[in-house]
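Just one chain is shown here, as structure tokens, and it is the form predicted on its own.
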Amino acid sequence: MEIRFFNTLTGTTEVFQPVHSDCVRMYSCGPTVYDFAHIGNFRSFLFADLIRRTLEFFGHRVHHVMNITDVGHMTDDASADGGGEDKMQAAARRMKEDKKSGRVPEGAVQNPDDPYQIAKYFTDAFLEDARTLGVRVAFEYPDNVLQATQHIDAMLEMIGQLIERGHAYVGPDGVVYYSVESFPAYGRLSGNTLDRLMTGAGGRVSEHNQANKRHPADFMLWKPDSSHIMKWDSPWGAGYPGWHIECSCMARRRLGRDVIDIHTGGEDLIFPHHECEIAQTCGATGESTFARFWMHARFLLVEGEKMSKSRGNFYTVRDVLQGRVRDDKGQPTGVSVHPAVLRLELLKSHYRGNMNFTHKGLIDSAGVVRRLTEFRARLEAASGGHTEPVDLSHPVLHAFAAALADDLNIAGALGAILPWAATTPADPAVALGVLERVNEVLAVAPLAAVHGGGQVTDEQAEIRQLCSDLDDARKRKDFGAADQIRGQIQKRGYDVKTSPTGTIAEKRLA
């Protein structure tokens, strides 16, 4: 079946074919670990996970890499050259307040002035959230989730190459800049032109350091700064790298190719970040392109409004899972949400349209997850747990696959399976085989599949132990103790059920 994706670089939907037949090489811009990642970030991360799972569903081997930015991402990141202060420096200042308020637990970061400790804390938090939502690349850490601070040598090497090849220069202020005029294709991804950037019509060109640049749109590769909170020695003085150079180097080093297949991120990264990545990488390699397909997820709104802390609608993954979501009237719901429900909610809108995150949407997604989970339970009971292998000749699986192959038409894919899930298939073993193939992509039914790789969280282990304790109490006919344990499980947000193999606790969906 032919797979077609929309390519931001060309503005068209194209047939996808990997550059090299052995493997699809894919790079995704990950978080800057100065805070907890929010649900808008995770919309982009889950979109990348959907691409990966879809390609694997169709039989491709995928090498997927994501970065962790832990230096060089400035607070004024809308301009190509960056400005303000390093976000890690801002995080170090804010961390003291976060510890006082309890937002970050006391003892989580021993020294709030140490950016490496802050980066580790928020990196661990991101990986935990990503695993909870079934983002496969997070289970491969540290092989394929790369930290910028671990690749400074590659950045210095690429900057040196760019200087040698006339794509970069050292300004009068000692800063190494990329010369956008040396790369005629600069602006192709975003639609900006050098003339528009020169006049400011293209927006987001930094006004600072203009006297030190050859062109207003030239951007920083390395800045000597002995006072910076994180710094390294370099031929151009002790300092730190620009944000854009990091991804170019990590993608090239870990994926092992000068031209990769797919690069993903949120639409806010198209310019300047991804535009600058292309210029740097092509300038260093001599290739005409960096990634064959550039794919971007659009913004996430909350109840129709831009997400912001001042509006009280700014949510991290933990906020949603722990019931800190407000309804459309701004009232707290207090309803905890299962990870499978949040995963589906962030996936079910097409990536090229703005997503409106709502409490009602969570309720709807909970209904879908429940329906698929109960359908699976019926099939397993009817088939005795036996599964028959299936291929795309099965009409339901074919329709599901065809929708995914059409630029990740997730609404069409769900539309192919949800009516079927309300039926009683003639052959439950075959139907179970279809559902398992579907869940390779969706990862919401069974619910355990959302945790990928079979890893068990601390909470799951505790709940399983309580279920075992409940069974033991029943065997002893200590029904008072059994009722007490049942109450403990229910207070943790689980429904308690009895099965032939013992007590089962299922997380309430919403």
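Only a predicted model underlies this, so the values are computations on that prediction, with no experimental measurement involved. Position 1 is the first residue in the sequence shown; the rest follow in order.
Here the subject shifts to the form predicted in complex with a small molecule, a form of this protein not shown in this document.
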Listed residue (170, 403, 194, 307) with a non-hydrogen atom within 4.5 angstroms of the small molecule in the predicted complex: 307
Answer option from 60, 474, 38, 63, heavy atom within 4.5 Å of the small molecule in the predicted complex: 38
Segment assignment from 292-300, 391-399, 373-381, 413-421: heavy atom within 4.5 Å of the small molecule in the predicted complex: 292-300
Touches the small molecule in the predicted complex: residue 258 (any heavy atom, 4.5 Å): no
Non-hydrogen atom contact residue 269 with the small molecule in the predicted complex at 4.5 angstroms: yes
Distance check, residue 54 to the small molecule in the predicted complex, heavy atom within 4.5 Å: no
The small molecule contact in the predicted complex: residue 442, any heavy atom under 4.5 Å: no
